[in-house]
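For reference, the chain that follows is the form predicted on its own, supplied as structure tokens.
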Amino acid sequence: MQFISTEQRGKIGIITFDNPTKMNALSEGLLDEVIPALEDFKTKKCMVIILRAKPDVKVWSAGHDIKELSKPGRDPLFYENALEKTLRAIEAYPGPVIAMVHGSVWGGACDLAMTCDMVIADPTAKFAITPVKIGVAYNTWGVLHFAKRLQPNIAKEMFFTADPVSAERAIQVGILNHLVPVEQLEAFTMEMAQKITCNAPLSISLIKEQFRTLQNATPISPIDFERLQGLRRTVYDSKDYNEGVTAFLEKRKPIYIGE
């Protein structure tokens, strides 16, 4: 594999982001390796998956590769987008997926961490969800990941400001399950995963699916869904979306006009 590495320790599968030159950006190439890795671990009956980066990085993942976002006029987060498929694969995996976080987590990678069943981090971690920085029409399902995990006012602050949330605050507001010292992160996470593997796998798989089904059972009428899609279309058709992506690539501050 070119962008990730995998390892199996007993009933635990480990996926390590390994594209440091791109700060582990969630490119289509990287994500297209994650899904087969999950399928392979499923075949091998791994009960727990750990998603991690290498221990010496400063960035766990820089998020969605901006260069791969759809051009204005097309939905940047459509159903078959590589990130969306990966998030669904994590939700559907028949066992807990744990994000083990050392370093900063940006944009779509923050959504990926929120989609994991648990997040364990050390003090180097910080979390930022950043669609408003580049004018992206974030999808409703992605917003739901945050709404399920956090109090609405906290989730709104993260989206509206796009400011990074420190590890210390992340444990307070519910992003993290555990905050541990850097030197203990791997051992603590492995101990947690090992503890889970001592329990009944069919029961764990059922309970995970029950949580998924209940949390996704948010009622929304067809007309409201169409209305939200229309609002998203207004955003990804806008001059601001074009300006946001262009400014990011040109490494300058965007000038938004609300059109």
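Treat the numbers as computed from the prediction; the structure is a model and nothing was measured. All residue numbers refer to positions in the sequence shown, first residue = 1.
There is also a form predicted together with (2S)-sulfonatepropionyl-CoA; it is not shown, and the following applies to it.
*Asks:* Hey, with (2S)-sulfonatepropionyl-CoA in the predicted bound form, do G13, V97 and F211 all fall inside the 4.5 Å heavy atom range?
*Replies:* Not one of the three qualifies.
*Asks:* If you check M190, I35, V59, I204 against (2S)-sulfonatepropionyl-CoA in the predicted bound form, which one has a heavy atom within 4.5 Å?
*Replies:* For this set of options, the contacting one is V59.
*Asks:* In the predicted bound form, which of 182-190, 166-174, 107-115, 150-158 comes within 4.5 Å of (2S)-sulfonatepropionyl-CoA (heavy atoms)?
*Replies:* Correct option: 107-115.
*Asks:* Within a 4.5 Å heavy atom cut-off, is G103 in contact with (2S)-sulfonatepropionyl-CoA in the predicted bound form?
*Replies:* Heavy-atom contact with (2S)-sulfonatepropionyl-CoA at 4.5 Å: absent for G103.
*Asks:* Even though (2S)-sulfonatepropionyl-CoA is not shown here, does T86 get within 4.5 Å of it in the predicted bound form, heavy atoms only?
*Replies:* Residue-level check for T86: no, no contact with (2S)-sulfonatepropionyl-CoA.
*Asks:* Decide whether I129 counts as a contact residue for (2S)-sulfonatepropionyl-CoA in the predicted bound form under a heavy atom distance cut-off of 4.5 Å.
*Replies:* Although (2S)-sulfonatepropionyl-CoA is absent here, I129 would touch it in the predicted bound form, with heavy atoms inside 4.5 Å.
*Asks:* Using a 4.5 Å heavy atom cut-off, state whether I66 contacts (2S)-sulfonatepropionyl-CoA in the predicted bound form.
*Replies:* Although (2S)-sulfonatepropionyl-CoA is absent here, I66 would touch it in the predicted bound form, with heavy atoms inside 4.5 Å.
*Asks:* In sequence order, which positions of 126-148 have a non-hydrogen atom within 4.5 Å of (2S)-sulfonatepropionyl-CoA in the predicted bound form?
*Replies:* Sequence-ordered list: I129, T130, P131, K133, I134, V136, Y138.
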